[in-house]
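Only one chain comes next, encoded as structure tokens, the form predicted alone.
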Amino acid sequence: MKELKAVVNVLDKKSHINREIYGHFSEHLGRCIYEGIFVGKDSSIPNTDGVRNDVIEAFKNIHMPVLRWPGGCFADEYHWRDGVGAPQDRKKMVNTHWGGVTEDNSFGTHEFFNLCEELGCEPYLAGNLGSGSVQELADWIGYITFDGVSPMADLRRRNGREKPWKLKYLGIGNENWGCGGNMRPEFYGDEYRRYATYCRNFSGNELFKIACGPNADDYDWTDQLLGVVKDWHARAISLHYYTVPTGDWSHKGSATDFSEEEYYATIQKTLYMETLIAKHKAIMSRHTGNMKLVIDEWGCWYDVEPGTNPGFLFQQNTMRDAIVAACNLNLFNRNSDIVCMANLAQAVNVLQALLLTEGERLVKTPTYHVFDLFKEHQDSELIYSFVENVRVHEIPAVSHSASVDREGRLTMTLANCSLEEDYDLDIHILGMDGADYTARILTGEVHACNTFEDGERVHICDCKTEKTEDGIRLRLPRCSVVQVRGNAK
């Protein structure tokens, strides 16, 4: 058993951890919206205005801070007027990106914003720049946020909503270097400026406008885009990066059947996110001192489960995904000076999902439980933390971050990425004299997952700790995620 030492300094505050770093993404893709989040008011599944009650409860439990919608690639072919008014009168369309299925638009603007109100989370709209128009997006903003007399506000009222909603986060386009129009950065930059000009603030609502940033390590896109889009046009740019274990998009690997070598390759590719953030940050600093980074699509992307629609992107979720989620969230915390939001792809039944549903049944994945362990970081202050680390298979064995909230309560999150070694960790904590500590843990064999037959195979347990003179000592089992909480007396 190897012993490691760690140091946390509660008095050394680094940056603010925006709660939106713990955000999520819901696209009209596969069974994310329909059957996942939305079942309709007439469903036998208990629901509130068509949204599953068990999904609402699960989202509330992790304090979901922001939800992105309606895409993804779907956003740049989505026309919002098709999704308002009486459901039976709404225009149908073909979802050309995801499975070629018919989209009936029964989940639209009212349903989404009402869900966000129920959850107490910020809505994050991805606007249609690819196949839409400036007028269309400007009208949508007016429909949502204007409180006076106008054609769009009057239309909203006729559709049953008297008061406007609040909308803070607006993405103008999505992946416009690819599915959003295959544009060049300079062309997109000019289009962004045009669209952003007409997305106005109404009735006290202030938009936080986000430009479509790079795909992974496309540093030229960031550089060229920011030469056109100055920080007074955009508050942030987006970054998309998925963990693909094989590095081959034509054969991404199985979600459940993988070797130890593939596991370590997955973690190594996940940790590349920190390199991406650092390099894009350096480019951004040459152009602007105020712009932030929104990582609004991240997570593991595997081959779909056998026998499922390849366009629905349904995959299982194991302890490997829990480690990936913990590593990403820890590094987002550590880079919270530049990262102001992140959105896991996706919330239900798609890619690295929080929840899986099948009829009336719902399963919380290992990734969901990681968000439960990390939720106390939201709106806290990042503080200094250090772990006397070791390397296993070319990666650091222990991922970590620490924060302190407004009441002075400490949260430290740790992930043991090793599949071979447990570690005894002695944490020296400065600035918390006389504090009491508790810990919770998520652990299991790396292939372990929750199924509809056994939904509790992977779950959070209390973690045994030993209080020391200057902190806490605990064991980090192999393939585990741990939360430490400290409360000063």
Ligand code: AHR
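Each residue number is its position in the shown sequence, starting from 1. Predicted, not measured: the structure shown is a model, and the values here were computed from it.
Same protein, other form: the form predicted in complex with the named molecule, not shown, and the subject of what follows.
*Asks:* Is Glu297 one of the residues lying within 4.5 Å of the named molecule in the model of the complex, judged by heavy atom distances?
*Replies:* Yes, Glu297 sits close enough to the named molecule in the model of the complex that at least one of its heavy atoms falls within 4.5 Å.
*Asks:* Against the named molecule in the model of the complex, would Ser380 count as a contact residue? Criterion: heavy atoms within 4.5 Å.
*Replies:* Close contact is absent here: in the model of the complex, Ser380 is far from the named molecule, nothing within 4.5 Å, heavy atoms only.
*Asks:* Does Gly72 reach the named molecule in the model of the complex if we count a contact as any heavy atom within 4.5 Å?
*Replies:* Gly72: contacts the named molecule in the model of the complex.
*Asks:* In the model of the complex, does Phe258 come within 4.5 Å of the named molecule, counting heavy atoms only?
*Replies:* Taking the distances in the model of the complex, the answer for Phe258 is no, it never comes within 4.5 Å of the named molecule.
*Asks:* Of Lys292, His280, His240, Arg334, which residue is found within 4.5 angstroms of the named molecule in the model of the complex when only non-hydrogen atoms are counted?
*Replies:* Among Lys292, His280, His240, Arg334, a heavy atom within 4.5 Å of the named molecule in the model of the complex occurs only for His240.
*Asks:* Scan Ala397, Leu313, Val339, Leu167 and let me know which has any heavy atom within 4.5 Å of the named molecule in the model of the complex.
*Replies:* Exactly one residue meets the criterion: Leu313.
*Asks:* Quick check: do Phe25, Leu29 and Trp98 each get a heavy atom within 4.5 Å of the named molecule in the model of the complex?
*Replies:* Per the other structure, all of Phe25, Leu29 and Trp98 touch the named molecule.
*Asks:* Have a look at 343-351, 147-155, 129-137, 411-419 and name the one stretch with heavy atoms inside 4.5 Å of the named molecule in the model of the complex.
*Replies:* Comparing against the named molecule in the model of the complex, the contact stretch is 343-351.
*Asks:* Just to make sure I understand: among 39-57, which residues lie within 4.5 Å of the named molecule in the model of the complex, judging by heavy atoms?
*Replies:* Read in sequence order, no residue approaches the named molecule (within 4.5 Å, in the model of the complex).
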